[in-house]
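Given as structure tokens, the chain that follows is alone and in the form predicted on its own.
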């Protein structure tokens, strides 16, 4: 540590006041200013064997970009980031660094790790303010290979895969079924966590690398994967369609009006701007009392959106305790600060409605924790004769998502997991059971994190390149699967 005293606490980040932010959609975390970023960067001890790089799914050279911050060479820091990840402003905001790069930071052994995510966000935002977002090391035009690759979906896995392949000289086209690119980044994550202008900025950078994006194009309906490959000249396809099919509990009353899947609720609010009705023609009726089912980040997003959309009381119902919640600690704390209530060790068993068919009550049952299940967390066990009723006027079910079955249904030879509906791939290469087709992200794992999807897209791009360079060799696909 060169004899210097190292601060064991992170440099704090400024936030909107909870009383104010609970009623607006502006970004909650305000990020570091220049002095705060330099102060936090000084905490990095520049380890000889930096474990943080291996903790990052896209393997950013973290010590190198932080060193550039110390030297006040912020645009060079941005180049280091974008060399490995074209979405630094996104990942700096929404990735769970506390479970990845920061978790293995050496400083975490004695205090708090370096705030890698906050520094990543600072650098990306600094670059944007300097209007240099397209001036990166990867901007030089590579020699064209003459080969075409189709990328299905435009979420983080697809965006990263497309950018990596474009850097290698492939002609890449992204096909997106919605009217805006970004996948879960635009339909799933609220403005107050990830402003949509940030997503647009990152997408424009990827387009500047030569990637084409075709919107309102539903692969599986507009064209099939086979038609893209056999008729349209695409020699490989990457499927990164995410996990947008909602999961329900199949309990009585779940079809009442006012009971939403988190997918529908957040898509209407985030992508279709329902919170600005009637300026945007996408109404969502949010009652005064809202119940949100689940304990993950999607549940936290749903609860905080409902509050901002006018609910007087929002309660999260979770069947385990706070300690078992899979949501980021930061998001749980933000929700608590904003006045979201939590009711632990309960689960709904029935919803009851009025004569018009609108939900009005939720019957819940109390739970206790039993032995650990497959997730490693203790299994919630219902307690006999413990049911009770609470009034609700809106319910948002946020208990998970699965991949849409459309690609698998319209693509022969693609194997899917019989229970989860995820595409079966080689975990190392991303190759599916159909030659020339790769996949990565939530469509193969189920709902996970942005950075894990980005890592899967980057990894798959490497093997797409290997496949296309060796396509004529006998048995090449067998090596990949």
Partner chain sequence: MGYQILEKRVLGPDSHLLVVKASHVARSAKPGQFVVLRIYEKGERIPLTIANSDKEKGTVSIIFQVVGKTTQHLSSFNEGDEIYDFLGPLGTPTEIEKFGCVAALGGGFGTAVLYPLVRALKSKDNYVIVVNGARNEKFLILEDELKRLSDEYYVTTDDGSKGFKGFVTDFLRHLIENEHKKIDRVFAVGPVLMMKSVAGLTKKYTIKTIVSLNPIMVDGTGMCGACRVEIGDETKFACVDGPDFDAHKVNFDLLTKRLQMYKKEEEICLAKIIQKSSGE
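All values derive from a computational prediction rather than experimental measurement. Residue numbers count along the first chain shown, from 1.
Form predicted in complex with the partner chain: not shown, discussed below.
- The three marked residues, 142, 205 and 466, fail to reach the partner chain in the predicted complex, with no heavy atom of any inside 4.5 Å.
- Here is the short version: of 177, 171, 411, 315, the single residue with a heavy atom within 4.5 Å of the partner chain in the predicted complex is 177.
- Residue in contact with the partner chain in the predicted complex (any heavy atom within 4.5 Å), chosen from 233, 283, 310, 326: 283.
- Using a 4.5 angstroms threshold between heavy atoms, residue 390 stays clear of the partner chain in the predicted complex.
- Residue 215 belongs to the set of residues with a heavy atom inside 4.5 Å of the partner chain in the predicted complex.
- Contact check for residue 374: no non-hydrogen atom falls within 4.5 Å of the partner chain in the predicted complex.
- Contact check for residue 96: no non-hydrogen atom falls within 4.5 Å of the partner chain in the predicted complex.
- Contact with the partner chain in the predicted complex, judged as any non-hydrogen atom within 4.5 angstroms, is confined among 264 to 272, 334 to 342, 151 to 159, 190 to 198 to 264 to 272.
- Taking a 4.5 Å heavy atom cutoff to the partner chain in the predicted complex, the contacting residues in 239 to 259 are 244, 245, 246, 248, 250, 254, 255, 256, 257, 258, 259.
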